[in-house]
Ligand code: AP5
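The chain below stands alone and is given in C-alpha cells; this is the form predicted on its own.
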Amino acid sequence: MKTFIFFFGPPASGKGTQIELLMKKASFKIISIGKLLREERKKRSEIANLIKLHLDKGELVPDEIVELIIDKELKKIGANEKIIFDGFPRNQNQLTLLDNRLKKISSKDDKIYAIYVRIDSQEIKRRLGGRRSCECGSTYHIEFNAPKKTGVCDSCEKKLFTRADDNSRVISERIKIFQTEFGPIMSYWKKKNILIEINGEQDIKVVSADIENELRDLKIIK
C-alpha cells in the first residue's frame, strides 16, 4: 500500500519546515518540485536557462518542464512507499497531469491526502523579508530559524543570500499567482474530501503537532 501526501501552502507558509519535522516522525520520500527545479537550473542546458528565467521573475516554470521532472520521479516510487509531494500540483494543467498519473500508479487501498498550510498575505510578506538561502539548499529565517552564525550556513558554512524572488515586487507577484492558480486545486481536494487545512500562523511546534495529530488519526504515522 502506498501513501501520497500533497503539501500545499502560499510562499513562506513554512510547509518546507513542517515536512522536515514530519520526516523525523516517519519515513517518507519527498518529491520537492522547487528543489528539483533548482537542481536542474544549475546545469548548463537550454531547459536550465528557461527555469532560471522564470524562477528569478517569481513566475511558475512551464508545465511541460514540470511534467518531465515529475514523470522521472514517479518511475522511482516503490510498491509500499510513503510519498510527500512538496508544491505539486500548482495549477489546473498540473492537476490534470497528477490525476492521470495517479490512476496509473495507485490502487484502491492506497492513501491519498492533501495538507494545506494556511497563512494570509501580510504574514507572507513579513516572513519572506527575513528569509535567507544557501547554495546547498538549506534555508533560514533571521527571526524564526536563524543560523548559528549570522549570514553563514550551518550545514556547509557557505555565505547565505537573499533569493532574487524574495524582493517586494516579486513577492507580490508570487502571492497573486498563488491565489489565482490554487483555487481549482483547493476545490479538487475538497470535492474528494481529502483536504486537511492547518493554521500556519501558529508557533512552528504547534503547527507540527496539528499535522501529526491529523496523520495519526488517519493511521499514516504512529
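Note that residue numbering begins at 1 and tracks the sequence as displayed. Because the structure is predicted, anything quoted here is derived from the model rather than measured. We call the rigid core whatever largest set of C-alpha positions still superposes within 1.5 Å between the two forms.
Another form, the form predicted together with the named molecule, is not on view; read the next lines as being about it.
Shown here without its partner, the chain carries Ser27, Lys82 and Asp210, none of which come within 4.5 Å of the named molecule in the model of the complex through any heavy atom. Though the partner is left out of this view, Ala12 does reach within 4.5 Å of the named molecule in the model of the complex, counting heavy atoms only. Among heavy atoms of His141, some come within 4.5 Å of the named molecule in the model of the complex.
At least one heavy atom of Leu60 is located within 4.5 Å of the named molecule in the model of the complex.
In the model of the complex, Asn93 stays away from the named molecule, with no heavy atom inside 4.5 Å. Screening Leu128, Leu97, Cys134, Ala114 for any heavy atom within 4.5 Å of the named molecule in the model of the complex leaves a single hit, Leu128. Scanning Ile185, Leu160, Ile33, Leu195 against the named molecule in the model of the complex with a 4.5 Å heavy atom cut-off leaves one residue, Ile33. Heavy atoms within 4.5 Å of the named molecule in the model of the complex are found in one stretch of 120 to 128, 147 to 155, 71 to 79, 100 to 108, which is 120 to 128. Interface residues of 202 to 222, taken as those with a heavy atom within 4.5 Å of the named molecule in the model of the complex (partner not displayed): Gln202, Asp203, Ile204, Val207, in sequence order.
Once both forms are fitted on their rigid core, the CA atom of Cys134 lies 2 Å or more apart between the shown form and the other one. Relative to the superposed rigid core, the position of the CA of Lys35 differs between the shown form and the other one by less than 2 Å. Distance between the C-alpha atoms of Asn49 and Gly137: longer in the model of the complex than here (change of 3 Å or more). Between the C-alpha atoms of Lys42 and Gly137, a gap widened by no less than 3 Å is obtained in the model of the complex, as opposed to the form on display.
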